[in-house]
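Okay, so here's just one chain, in structure tokens, the form predicted alone.
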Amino acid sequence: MSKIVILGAGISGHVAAAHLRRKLSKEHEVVVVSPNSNYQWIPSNIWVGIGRMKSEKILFPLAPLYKKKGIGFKQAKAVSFHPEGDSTEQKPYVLSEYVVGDNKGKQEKVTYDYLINATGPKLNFEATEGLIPGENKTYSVCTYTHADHAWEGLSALIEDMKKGKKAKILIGTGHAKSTCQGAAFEYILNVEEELQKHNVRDMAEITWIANEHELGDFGMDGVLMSYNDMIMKSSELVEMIFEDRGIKWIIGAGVNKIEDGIAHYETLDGDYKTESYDFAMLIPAFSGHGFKAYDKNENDITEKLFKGFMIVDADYTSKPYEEWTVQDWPETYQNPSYKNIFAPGIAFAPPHAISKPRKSKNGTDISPAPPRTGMPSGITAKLVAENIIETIKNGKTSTDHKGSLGNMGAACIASAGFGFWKGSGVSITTYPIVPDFKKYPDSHGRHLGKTFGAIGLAGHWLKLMLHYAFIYKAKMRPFWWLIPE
């Protein structure tokens, strides 16, 4: 009998647990350890943040579902990693601490045969002074509770505008190394649309602020894509959208301090500037959780497992941008020191950024970290689960299932508005996620036949359908596995 422990119940952790439980017999144990009681479909946080969807529509409790499906569940947080066990426990384990109930504060050695680290990122708000969700007129949509608070702040501002008060809205990235520009981009389009619906658009100045060196970088070094019968840069597409909607922009900006209604930032030119606002939604920096790891003799071996995020089968050799290749990126998400430990989704340490790194004239790094989206998270979690399943069934290590961001595509849909007949979607499909300049030298590292953009109601419909499809899938309803990741 094998015991597989999954840390985290987000997209990666939940996907891995679902596939493992479906394909392994009941003699094998699948256990999820997560401090969160609910599963949430994060892409729909955007609609919660404009008041068009209640947070209860994008989440459901994990414990009843896991009990029904035969998946163990411990509502606890990981504290430290012990991949060799210790003097009293021969099996490898993760020291975990319960966060609720009678066992709150109690620690347990959760042993495993295989470990999937799907803890995702720490939302590192403290990396930017004063960036605290719900304070200093700043908000976030990174969690459903954050999104609820964002709508409270935005709706109050809309009411003020209806009374004749002019307002300034600032949306984008809240740190010089933030990622998830795509989520901020979708939110700014939805906020603009919402102001139109409330007939107060003329009362608001909306500004995009980001660490991108140009619009549409999205942490992917920008995209050259097919658009209708043209070839267009993502920067041109986003500029066209912003100009059409009257959205201003500040780029190459590393936000470093927030005061009440004032964002301080440094530009790539080395200038220090400020931007005032009445409402801001700024994506924080992401970081690892600061986990420690120890060998059986209690010696610190953190450097074998973590480089901020978890170390996997990537090439972490430091090299200049010009020497980066898709071969640097992992394929199996397996830790090289401990082959029974994996880290799909956002939990793995990327070998480097995707966008070209840039520094300000003052030497400050101002450029996006690699994007970490739901589609690759689900795909990598499934392939990790498949490799573990085959290893258990065949009795020998299997890594036949592989998937690098250098040979994987992603579809991103930024839907503006809500409802079946009202709304518009900006769809960008990219292949591969990490540009392969050797394979596609004339199209900025992407396959033009598989990299394209579109604007219209169809994309909005697709986003809405995906919401319901993936909630259905996450609830493990009949034939859920037929829905792709």
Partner chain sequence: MKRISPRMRFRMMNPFLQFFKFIILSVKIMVIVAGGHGGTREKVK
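Positions refer to the first chain, counted from 1. What you see is a predicted model; the values in this text were computed from it and never measured.
Beyond what is shown, the protein has a form predicted in complex with the partner chain; the following relates to that form.
ask   = So in the predicted bound form, does A458 come within 4.5 Å of the partner chain, heavy atom to heavy atom?
value = Contact check for A458: yes, within 4.5 Å of the partner chain in the predicted bound form.
query = Any of the heavy atoms of F218 lying within 4.5 Å of the partner chain in the predicted bound form?
reply = The answer is no: F218 has no heavy atom within 4.5 Å of the partner chain.
query = With the cut-off set at 4.5 Å between non-hydrogen atoms, does E266 touch the partner chain in the predicted bound form?
reply = Contact check for E266: no, nothing within 4.5 Å of the partner chain in the predicted bound form.
message = Is it the case that K109, even though its partner is missing from this view, gets within 4.5 Å of the partner chain in the predicted bound form, heavy atoms only?
response = K109: no contact with the partner chain in the predicted bound form.
ask   = Would the partner chain be touched by all three of P330, G406 and M465 in the predicted bound form, meaning a heavy atom each within 4.5 Å?
value = Each of the three qualifies.
query = Among 311-319, 96-104, 121-129, 270-278, which stretch has residues whose heavy atoms lie within 4.5 Å of the partner chain in the predicted bound form?
reply = Answer to the contact question: 311-319.
ask   = Just one of A293, I71, A410, A167 has a heavy atom within 4.5 Å of the partner chain in the predicted bound form. Which one?
value = Spelling it out, the residue with a heavy atom inside the cut-off is A410.
query = Here the chain is shown alone; which of A156, M240, I262, I250 has a heavy atom within 4.5 Å of the partner chain in the predicted bound form?
reply = Contact with the partner chain in the predicted bound form is made by M240 alone.
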